[in-house]
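First come two forms of one protein chain, each written alone as structure tokens, so that there is a structure 1 and a structure 2.
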Structure 1
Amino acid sequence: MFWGSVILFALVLGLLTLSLTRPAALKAIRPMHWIIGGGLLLPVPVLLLLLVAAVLLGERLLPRPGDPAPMRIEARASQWQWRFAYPDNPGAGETEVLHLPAGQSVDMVVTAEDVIHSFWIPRLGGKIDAIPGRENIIRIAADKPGIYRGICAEYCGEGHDIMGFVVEAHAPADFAAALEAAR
């Protein structure tokens, strides 16, 4: 997706440069050709490539026969913070930092206490709404250990801008120790 955006940016930059340096060359192209070429023909292959990339990347998160059951982590939103619980790890307690095992799929069980929020870690997966009285599940995975940022992607009141959270992905061998240290 990054390289596709680089190619599109280069194309637009090239057309801009051409329009500034040789405006007569672009005047020869009729407006209807711009509409058909730039508005209809160009978006079709671009959207098709983005669709293929999204489907292939999304396929990695689907369960396969023989795969171990993914870990479940609960994410609870309230104005204006996130709290995370680890029911698969008794005694882990609740944390304000989301700890994940790198290289493993995790089912996030997302809910809210007060108003609608939206759980999103842009580098790890899609987003899903956190709705009071309802549990929504989204599967995410961190490919490698590291620090990621998560946000509330739904305007939820005057404190919305401070409703971010930190995600720490740990090597599988270090995950239990990280949960213990966070407690």
Structure 2
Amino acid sequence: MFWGSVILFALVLGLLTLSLTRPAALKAIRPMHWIIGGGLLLPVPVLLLLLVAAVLLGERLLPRPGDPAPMRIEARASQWQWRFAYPDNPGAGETEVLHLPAGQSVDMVVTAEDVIHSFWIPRLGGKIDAIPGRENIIRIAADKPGIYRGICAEYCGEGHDIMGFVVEAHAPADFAAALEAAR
């Protein structure tokens, strides 16, 4: 997408420069051809290609009916903190740090208790709004164990800047122990 846009940008501005400095070089192009070429022939295939790619990529990120259901973790946002619960790990308590098993997909069930917030771990990609009265699901996966940062991406009032959270991704073997330790 980046290089594509660089090429298009250069093309448009190159043509503009030529038309201003050396209109003679472009005289051969009939006026209507500008509209058909630039307005239709250029953008239509680019857009089609992009849309198909985006829809396919988007579908791949979705849970499919046949898939084994991944672990669910609940994220509850309120002004101005995040609380995480682990319904698939009975006995695990609520935590302020999000503990993830590395290398596997997790479905985050996101909701809010007061105003709208948004769940975003920039390194893990994608975000979903936390909306009072609704539960939204986003599938994320941390490839490697480690520490990541999460933030609230939707403006939520005075404490919006400080509404971050820490994400700890553990090797799957250590995950249960980490939850236990967090109690």
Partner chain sequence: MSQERLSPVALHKALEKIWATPPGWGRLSAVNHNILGKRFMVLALVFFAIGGVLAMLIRAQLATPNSAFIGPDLYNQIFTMHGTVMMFLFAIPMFEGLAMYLLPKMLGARDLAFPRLAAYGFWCYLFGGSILIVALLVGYAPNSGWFMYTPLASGVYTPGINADVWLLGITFVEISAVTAAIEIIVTILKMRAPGMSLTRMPIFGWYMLVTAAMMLIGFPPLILGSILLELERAFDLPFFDPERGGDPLLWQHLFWLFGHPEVYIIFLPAAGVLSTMIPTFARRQLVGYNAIIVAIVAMAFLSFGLWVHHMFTVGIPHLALAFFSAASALVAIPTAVQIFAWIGTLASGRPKFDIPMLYVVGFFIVFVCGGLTGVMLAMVPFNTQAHDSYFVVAHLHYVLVGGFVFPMLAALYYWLPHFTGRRSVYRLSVPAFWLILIGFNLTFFLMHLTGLMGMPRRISTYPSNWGWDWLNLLSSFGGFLMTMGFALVLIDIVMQFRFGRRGSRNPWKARTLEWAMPTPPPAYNFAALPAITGRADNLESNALGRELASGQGYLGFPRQGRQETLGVDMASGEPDQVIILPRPSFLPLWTALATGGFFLGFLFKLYWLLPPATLAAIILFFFWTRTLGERRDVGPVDIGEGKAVPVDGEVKDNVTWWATLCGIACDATLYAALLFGALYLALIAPGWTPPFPGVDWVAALAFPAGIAAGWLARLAARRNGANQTPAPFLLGAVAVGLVTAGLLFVSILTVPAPTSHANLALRVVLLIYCAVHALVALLLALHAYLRWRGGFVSALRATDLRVTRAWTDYAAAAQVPAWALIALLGGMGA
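Worth saying up front: this structure is predicted, and the values here are computed from it rather than measured. Only the largest set of C-alpha atoms that superpose within 1.5 Å between the two forms is called the rigid core. Numbering runs along the sequence of structure 1, starting at 1.
Structure 1 is taken from the form predicted on its own, while structure 2 is not. If you fit the rigid core between structure 1 and structure 2, you'll see the Cα of Ala173 move by less than 2 angstroms.
Relative to the superposed core, Pro23 shifts its CA atom by 2 Å or more between structure 1 and structure 2.
In a rigid-core overlay of the protein, Ala10 has its C-alpha displaced by at least 2 Å between structure 1 and structure 2.
Overlaying the rigid core between structure 1 and structure 2 leaves the Cα of Ala54 displaced by 7.0 angstrom.
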